[in-house]
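Given next, in structure tokens, is a single chain: the form predicted on its own.
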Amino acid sequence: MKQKKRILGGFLMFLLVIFLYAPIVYTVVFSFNNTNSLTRFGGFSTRWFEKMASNDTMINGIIYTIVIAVIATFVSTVVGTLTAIGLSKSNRILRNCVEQVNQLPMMNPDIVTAIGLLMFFSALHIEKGFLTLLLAHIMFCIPYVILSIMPKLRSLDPNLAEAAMDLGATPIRALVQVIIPQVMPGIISGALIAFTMSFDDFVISYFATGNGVNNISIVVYTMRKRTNPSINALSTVVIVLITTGLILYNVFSAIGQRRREKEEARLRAQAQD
């Protein structure tokens, strides 16, 4: 009976993996298709990558997407980290109120947030373009950073910063050298979520942009009505970029973990001596 359950579980897991990754593999394979067909593979070719490289709209979409995602991630991570640390030192009523407000952008449908931003920028007579798109991305990324960092702050000793200052550290030094290293896993998680949300967003970006400033999702949306295998090439480039980033992150995390383990072992050996 247990053997049958194990086989059934393995089969279901196999189906799940196929369901999740088959579209990605399909997109990568047909990005090298020699024909215009999206269903029949006619031979290996890089013609669609060449067309993508010569398409200014696609190249600008990639550039805008990466630039906005990087800036929005940096700003939202800094603001979200400082906000979360400040909330951890606030009274319970204020902290609970701000946390509830912080959840509103995540609970709201994207279309509601997008229309709200559109009306807000229009009311202030701000011309939609790169700046409005960047501000919109920063706005909806900050709550995710705060949400990622708050659990780590709750697990810290509340007297940690005071102990550091009693030993002679300034408030800034206590923040940078004591508090932030302790919550660094939460900061990294928040930054990764913010980058992913910014890189992937379509609805809010569509309503908040203008003047030819389009990210990848908007570029793909505008090309949806005609058969264009260059979209597969663009998707493959995005997949390669994201996969490379994840591999580098895991490699550096493993190296850092190994160094910490060696340092802990060295300190234990010194303590025993």
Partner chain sequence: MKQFRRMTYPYIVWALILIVAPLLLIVLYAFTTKGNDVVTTKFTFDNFVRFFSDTLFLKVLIRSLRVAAITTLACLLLGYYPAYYIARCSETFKMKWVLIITFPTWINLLVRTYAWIGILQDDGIINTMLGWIGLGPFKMMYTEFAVILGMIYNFIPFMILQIYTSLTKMDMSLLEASSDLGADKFQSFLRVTLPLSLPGIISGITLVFLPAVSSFCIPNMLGGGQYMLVGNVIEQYFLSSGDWNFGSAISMIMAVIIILSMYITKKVDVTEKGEAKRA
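All values reported here derive from a predicted model rather than from experimental measurement. Positions refer to the first chain, counted from 1.
The form predicted together with its partner chain exists for this protein as well; it is not shown, and the discussion that follows is about that form.
Q: So which of Leu147, Ile188, Ile179, Ile71 reaches within 4.5 angstroms of its partner chain in the predicted complex, heavy atom to heavy atom?
A: That would be Ile179.
Q: Should Phe19 be classed as touching its partner chain in the predicted complex when contacts are defined as heavy atoms within 4.5 Å?
A: Contact with its partner chain, yes.
Q: Does at least one non-hydrogen atom of Lys89 fall within 4.5 angstroms of its partner chain in the predicted complex?
A: Yes.
Q: Does Ile62 make contact with its partner chain in the predicted complex, using a 4.5 Å heavy atom cut-off?
A: Outside the cut-off, so no.
Q: Is Phe120 close enough to its partner chain in the predicted complex to count, meaning some heavy atom within 4.5 Å?
A: Contact with its partner chain, yes.
Q: Using a 4.5 Å cut-off on heavy atoms, which residues of 68-100 contact its partner chain in the predicted complex?
A: Read in sequence order, the residues that approach its partner chain (within 4.5 Å, in the predicted complex) are Val79, Leu82, Thr83, Ile85, Gly86, Leu87, Lys89, Ser90, Leu94, Val98.
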